[in-house]
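Take a look at this single chain in structure tokens; it is the form predicted alone.
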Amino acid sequence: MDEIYNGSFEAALERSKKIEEDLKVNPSKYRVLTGDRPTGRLHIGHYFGSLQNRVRLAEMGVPTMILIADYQVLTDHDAYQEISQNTKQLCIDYLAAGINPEKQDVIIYPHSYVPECNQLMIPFLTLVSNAELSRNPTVKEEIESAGLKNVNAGMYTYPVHQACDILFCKGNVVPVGKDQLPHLEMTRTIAGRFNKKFCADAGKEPVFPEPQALLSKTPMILGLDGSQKMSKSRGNAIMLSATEDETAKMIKKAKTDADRNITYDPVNRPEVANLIMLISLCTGEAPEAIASRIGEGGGGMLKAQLTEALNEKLRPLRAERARLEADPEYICKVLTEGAQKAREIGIKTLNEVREVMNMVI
């Protein structure tokens, strides 16, 4: 079998740049698949790292599927009691940030409500080997970070499940970071192998596109401890749903260093640089200019300016979030209508799959 994980990051980056330019001209040529697992509410790392970009793509007119991957929570979490509530909270975060399924070509839906997507799992599993699943570097990292002692089969087949998520709707663009490229390569491989085995060898048109990565331009946002990626489970995140006072208290606890003179040096002063970068993401000002302005003001002034910038940036989102939380019926409507639309897409794809696999009765 072809090697899956040897793709060049530089080549993926070059393709991503070309797609980015074409999106501006031909938005309807693409379908974006993106989403989150409902393990909790979204934080500012999600907001700057992916949510803002989703809003941008939707406003450009790019057809967008936003998956709430509730089944995938079961691979490495025991908190299934909270999945329903977390699903609704994710939907609120999306809408509050500017996603609008009523005015944009956007579908928000929970995974478990689209059985047609999951029916692709069996044929897709026949197209990859155990060895290929076992050596997926992203899965290895996720197992390690979750501290799993007993790894269930769902974790190993996670990349195949993601291929189902992307391909059931014929998604051809997936916004990802560099660390998620191995998952996407698995999807591209499965699509290629399916098309070759069931379509090309029988003289039929391919069913699935081989999706491309749209690589994030936002640098990885560290948590307030300055040493790890921002995460609710690590206690180093500021949630979008936090109040302004809660935000201020969290930022006061943020780690800096002993040097009072503030400079932007991501390599040697990652904690300070991370806080400066957050201000930059809020205001659009260059990180170096922010550091120069604060200068000898020290960590206290740095944290004060971040608190002001972040609360100002998130004030409209938080107001809209509070309004949406008071209207649970609307949130349920968005999710159920989204699931119905996703199922319609899935039924059409599944019919095509049955046709090329000679399973029509």
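None of the values given here were measured: they were computed from a predicted structure. Numbers follow the displayed sequence, beginning with 1.
Missing here is the form predicted in complex with a small molecule; even so, the following discussion is about that form.
Contact with the small molecule in the model of the complex, defined as any heavy atom within 4.5 Å, is confined among 233-241, 83-91, 259-267, 165-173 to 165-173. This chain lacks the partner; the member of I331, V55, A69, L317 within 4.5 angstroms of the small molecule in the model of the complex by a non-hydrogen atom is A69. Contact annotation: of the candidates K313, R37, K303, R31, the single residue with a non-hydrogen atom within 4.5 angstroms of the small molecule in the model of the complex is R37. Using a 4.5 Å cutoff between non-hydrogen atoms, Q180 counts as a contact of the small molecule in the model of the complex.
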